[in-house]
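Take a look at this single chain in structure tokens; it is the form predicted on its own.
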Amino acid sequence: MKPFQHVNASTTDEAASLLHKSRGKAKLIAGGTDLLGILTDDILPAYPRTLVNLKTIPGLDSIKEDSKGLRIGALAKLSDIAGHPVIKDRYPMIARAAGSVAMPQVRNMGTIGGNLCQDNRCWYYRYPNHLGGRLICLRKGGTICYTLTRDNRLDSIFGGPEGCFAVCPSDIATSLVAMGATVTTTRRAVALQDFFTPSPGTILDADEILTEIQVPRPREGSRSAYLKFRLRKSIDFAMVNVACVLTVEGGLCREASIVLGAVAPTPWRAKGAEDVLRGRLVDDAAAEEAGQIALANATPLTMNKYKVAIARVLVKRAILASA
């Protein structure tokens, strides 16, 4: 690594002020499971001069429930979320998603805020500088997304609205969006589904900090399921994941929320699949039809057509598991 200054922030206002004064030459660090790899591989054209430590800010790692629902501080560790008794009992899909991230060592360090805000995971974007020089892809100011002409097995099957075909890498985002979560930053509150941008990335300004995630209480009669497909279950990012929340009354589906992850630059809401389930008995035929509709508009690249088949099956299984 190159030398940098390390500053312990005592408040979010202080951390935001440090970011503002740095004029883009500072980065936030919490668990560090993403940032330290970026610094080690020197993938960014501009190396940060300062790291602003958020772990020294009290209260940002809280997990509590009130009358409106669940509130999770941005610095809450993924392992604490996965094992929290209230989350496991009343918000089990969030616990399962948090417990699916990487390996125990990463979950013991990584935070929910870091998982939501982690940088682009495309392997061209992340190509290490010491292996012949970093690749200046579209996300780094270049003119081309390398996935269009090279290996694109892990990339978007729903296009690249801004020319970049990398997918949103956050596992827990899929479950949170399906549950209608909102997030609070040092400047605003916004629905989590609007937090992500097609770049891919987030709406956060350079000196804006994510502070808390709010999840509404599940509806009476609702059940959920989270499924994740990856090759190495002990560490890999998802090739596809699916979160499903169904509200069933009198044997019929009244409300449905189905979100796919690792298939698009943002968490992908399968609205057509949701519509086909409402008012119906959730059986094998309904789940099969919903799976087909969820992927009807997929436009896979040359090497990732397999994702379409996997996603169809996961949507069907998640629906049946929720019902």
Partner chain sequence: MTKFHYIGKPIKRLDGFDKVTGTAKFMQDMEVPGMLTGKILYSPHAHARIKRIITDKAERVPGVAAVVTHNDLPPGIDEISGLEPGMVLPPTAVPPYLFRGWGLQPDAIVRCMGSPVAAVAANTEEAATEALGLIEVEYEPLPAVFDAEEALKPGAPQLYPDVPGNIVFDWKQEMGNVENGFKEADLVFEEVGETQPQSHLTPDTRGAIAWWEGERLVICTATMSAYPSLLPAMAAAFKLPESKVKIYGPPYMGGSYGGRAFNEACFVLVAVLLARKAGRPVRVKLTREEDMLALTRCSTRLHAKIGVKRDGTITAVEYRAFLNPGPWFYPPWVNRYFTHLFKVIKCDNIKARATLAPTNIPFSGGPFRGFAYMEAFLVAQPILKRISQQLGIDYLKLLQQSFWRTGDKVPNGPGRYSVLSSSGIDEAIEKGRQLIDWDGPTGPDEYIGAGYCLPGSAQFPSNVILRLNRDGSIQLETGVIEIGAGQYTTLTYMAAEAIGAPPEVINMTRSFDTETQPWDGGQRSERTTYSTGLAIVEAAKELRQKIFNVASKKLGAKADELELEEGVVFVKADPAKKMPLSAVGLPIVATGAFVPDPERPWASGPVVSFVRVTVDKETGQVTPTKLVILNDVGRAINPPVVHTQNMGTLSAGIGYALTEEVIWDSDGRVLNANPQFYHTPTILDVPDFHSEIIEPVDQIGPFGAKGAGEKVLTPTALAISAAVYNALKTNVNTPITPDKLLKALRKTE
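Numbering follows the first chain given and starts at 1. Not measured: the values here are computed from a predicted model.
Below: the form predicted together with its partner chain, not depicted.
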Does its partner chain come within 4.5 Å of any heavy atom of residue 132 in the predicted bound form?
-> yes
Answer with yes or no whether residue 71 is in contact with its partner chain in the predicted bound form, where contact means some heavy atom within 4.5 Å.
-> no
Heavy atom to heavy atom, is residue 230 within 4.5 Å of its partner chain in the predicted bound form?
-> yes
Taking the shortest heavy atom distance, is residue 301 within 4.5 Å of its partner chain in the predicted bound form?
-> no
Identify which of 41, 289, 65, 61 has a heavy atom within 4.5 Å of its partner chain in the predicted bound form; exactly one of them does.
-> 41
Students should find that, of 151, 205, 162, 194, the residue having a non-hydrogen atom no more than 4.5 angstroms from its partner chain in the predicted bound form is 151
TL;DR on 219 to 227, 195 to 203, 82 to 90, 233 to 241: the one with heavy atoms within 4.5 Å of its partner chain in the predicted bound form is 233 to 241
Could you list the residues in 281 to 311 that come within 4.5 Å of its partner chain in the predicted bound form, counting only heavy atoms and keeping sequence order?
-> 306, 309, 310
